[in-house]
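In the form predicted alone, a lone chain appears below as structure tokens.
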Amino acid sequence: MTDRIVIHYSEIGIKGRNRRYFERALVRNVRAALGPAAEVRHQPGRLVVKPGPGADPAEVREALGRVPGIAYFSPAVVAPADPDAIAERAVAVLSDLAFDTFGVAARRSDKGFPFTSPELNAHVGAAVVARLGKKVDLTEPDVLLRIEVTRQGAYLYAEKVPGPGGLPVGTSGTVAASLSGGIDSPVAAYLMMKRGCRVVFVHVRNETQFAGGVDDKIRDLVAELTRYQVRSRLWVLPFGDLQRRIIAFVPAELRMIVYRRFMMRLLDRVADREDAQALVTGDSVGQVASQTLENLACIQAAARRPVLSPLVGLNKEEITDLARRIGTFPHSIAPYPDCCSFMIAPHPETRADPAVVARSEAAVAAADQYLAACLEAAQVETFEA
């Protein structure tokens, strides 16, 4: 029994004068996730959704569970803002559930409603006891019926489905995220979506060793992540020519650092075209040789924009757990040797000297020309959930 879906947010609620900006963005994103047939209305402190005719409840739940900015949502029934009508609907809602004990938690944003919240709790509880013969338990009830009384009516629900939380995508600008094909970088992109960023994906493709399976793997990752932001763009940059020059002219122990510095420059150039304000990587301090503090400083110095690394303090187990939860893990573990794995030396430098790296990088003749050619040969694709 469901008439509406009540959506609650948490972080948006403390935004002060900017709150309406975030609320409007969340309304837009919920509409985009559910399609044009769904009615999405903002009410004080919540959104109320009427799914389109024939909407699949399971698909609606899955879609809303992926919308950043939603703290939780609840399938609800509607009653007139009248104590007896609310009690009648409460009995109908609970009669569909199996339980022995229950509680009622009412709150009213409409202060003109004739009952206080405790009075409505007692009124509804008495009706349930009389009609269904259930026991009240205010400490650990089998079912907790929540009632929200507004000027538009009362919403009753007994389930809270968690959402991602955070901020609505699009409220914090655009970022260009490196997508390597491993476990870490997709999780980093997802975390930036939760902070309200629209993510443009950039994959630097290793063409010296592997030319085929990247397309399916990277596209699968972007398609999975697009379910969180509804629409995405993917840039695939052919890196083979420049990669061969790095291998030819840069000492093995510095190749990964030089490669990643060139990657920063490519991300910057994509960001120029996408009006992105920052770059995103899947770095976690100390996880591999290129992610020591000294090497990260050397690599990120090549960027013209801030470089954001949302995984910086997480360990591999935490990152992997997140990957499983958001659905990217099965795609990430599909076999594919990316640029990074191909460039790793047996004994890589862990504390790069910027001056030494600069000299090695300078040996890669005509690098700007190759960077420009790489960008011009990019394959750009748009994804929609």
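Small disclaimer: the values here were computed from a predicted structure and weren't measured. We number the residues from 1 along the sequence you see.
Omitted from view is the form predicted in complex with adenosine-5'-triphosphate, to which the following refers.
Engineer: Taking the partner as it appears in the predicted bound form, which of 198-206, 165-173, 119-127, 85-93 has residues with heavy atoms within 4.5 Å of adenosine-5'-triphosphate?
Structural biologist: In the other structure, the partner sits against 198-206.
Engineer: I246: heavy atom within 4.5 Å of adenosine-5'-triphosphate in the predicted bound form?
Structural biologist: Outside the cut-off, so no.
Engineer: Can you tell me if A223 lies within 4.5 angstroms of adenosine-5'-triphosphate in the predicted bound form, counting non-hydrogen atoms only?
Structural biologist: A223: no contact with adenosine-5'-triphosphate in the predicted bound form.
Engineer: Does the 4.5 Å heavy atom contact test between V312 and adenosine-5'-triphosphate in the predicted bound form come out positive?
Structural biologist: No, V312 stays farther than 4.5 Å from adenosine-5'-triphosphate in the predicted bound form.
Engineer: Would you classify F73 as touching adenosine-5'-triphosphate in the predicted bound form, given a 4.5 Å non-hydrogen atom cut-off?
Structural biologist: Residue-level check for F73: no, no contact with adenosine-5'-triphosphate.
Engineer: Would you mind picking the one in A79, I257, L191, L179 that has a heavy atom within 4.5 Å of adenosine-5'-triphosphate in the predicted bound form?
Structural biologist: Selected option: L179.
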